[in-house]
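What follows is a single chain, given as structure tokens, in the form predicted alone.
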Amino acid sequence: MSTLKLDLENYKELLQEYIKTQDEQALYQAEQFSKQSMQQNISPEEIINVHIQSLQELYPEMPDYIQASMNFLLETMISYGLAYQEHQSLREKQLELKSEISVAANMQKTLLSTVKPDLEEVDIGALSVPAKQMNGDYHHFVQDGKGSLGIAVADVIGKGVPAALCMSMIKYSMDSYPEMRMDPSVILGSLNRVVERNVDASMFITMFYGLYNSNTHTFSYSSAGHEPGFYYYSDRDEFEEIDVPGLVLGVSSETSYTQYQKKVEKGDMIILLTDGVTECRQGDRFIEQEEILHVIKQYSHLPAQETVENVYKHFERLQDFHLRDDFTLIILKRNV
């Protein structure tokens, strides 16, 4: 308290010195006083009050209108001080929450990590970029060691931490399934029951699950209300939509899923994605499907990983580097 009183006394001396000389040295000392006051948590209204007291002692005959103006300033700064303290408190909580979300995002990235297979028969490109810190999209690769590769692409209807928790549950549910039971219809049926039992009724999950057999070069697949993918026929140089009917996961435990199969020829491509790709916008204009396919085709001569990366960069630039939704794109191209 003695240090505070000494500082307040110093303020009066600094004020008197500046009024007499208007010297910059006095202003510098006032700046130091301000910094010291902040360190001691002295509020703005206390500074104003000290200023008024100093003026009253220095100029006892100070006009009433000057005194009234000082009182007005004091009341204003009291309100400002309260609002500023509330702002600082909210800012500290915001920074704390941001830090916690950052930790959660890193944990999610670790928990949901998947290894992209390196296969001789199929060139694979995969990219998933969250619009914010937490990713509501999910993709996963599963190999059975007998030439089959399972590919899952999912999207939670909802974002943020709840979506991330849902995806973690999906990932570990998939990891618990035996490798010999990789049929897409079976996988989706099992996951549907898990989601129906454990996820809030207001949150649903879409998923596409495909199984590529590198021995027979067939692609089996089922969908739970997921964004349609595309199939590229290299001999005809044209795309076909992979639009598969199926109810989103979690609506009813009795839901079953139909499985389809397609023969994959050399040079053909399978394109799997989430709605963050198909709902890209340039300003208020949604990008047309034909434009998305044109961009994919434009880079299709590159290795699959470079293709997905260049497609992402194209649409990122188109949206002024501001993603409105999580962006996930997977391309499988038969090599031999």
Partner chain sequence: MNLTIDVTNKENIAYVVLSGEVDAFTAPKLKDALLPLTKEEGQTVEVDLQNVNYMDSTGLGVFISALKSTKEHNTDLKLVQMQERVYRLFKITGLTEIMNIDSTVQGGMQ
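Residue numbers count along the first chain shown, from 1. Just so we're clear, the structure is a prediction, and the values are computed from it rather than from any experiment.
Note that the form predicted in complex with its partner chain isn't included here; everything after this is about it.
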> Does every residue of Ile157, Asp275 and Glu279 put a non-hydrogen atom within 4.5 angstroms of its partner chain in the predicted bound form?
Replying inline: yes
> Using a 4.5 Å cut on heavy atoms, which of Val115, Ala83, Leu95, Ala201 is close to its partner chain in the predicted bound form?
Replying inline: Ala201
> Ok, Tyr65, Tyr59, Phe286, Tyr28: which has a heavy atom sitting within 4.5 Å of its partner chain in the predicted bound form?
Replying inline: Phe286
> Wondering, does Gly150 line up within 4.5 Å of its partner chain in the predicted bound form on heavy atoms?
Replying inline: no
> Taking the shortest heavy atom distance, is Gly125 within 4.5 Å of its partner chain in the predicted bound form?
Replying inline: no
>> Under a 4.5 Å heavy atom criterion, is Pro130 part of the interface with its partner chain in the predicted bound form?
In response: no
> For Val251, is any heavy atom within 4.5 Å of its partner chain in the predicted bound form, or not?
Replying inline: yes
> Quick one: which of 169 to 177, 115 to 123, 259 to 267, 222 to 230 gets within 4.5 Å of its partner chain in the predicted bound form, going by heavy atoms?
Replying inline: 222 to 230
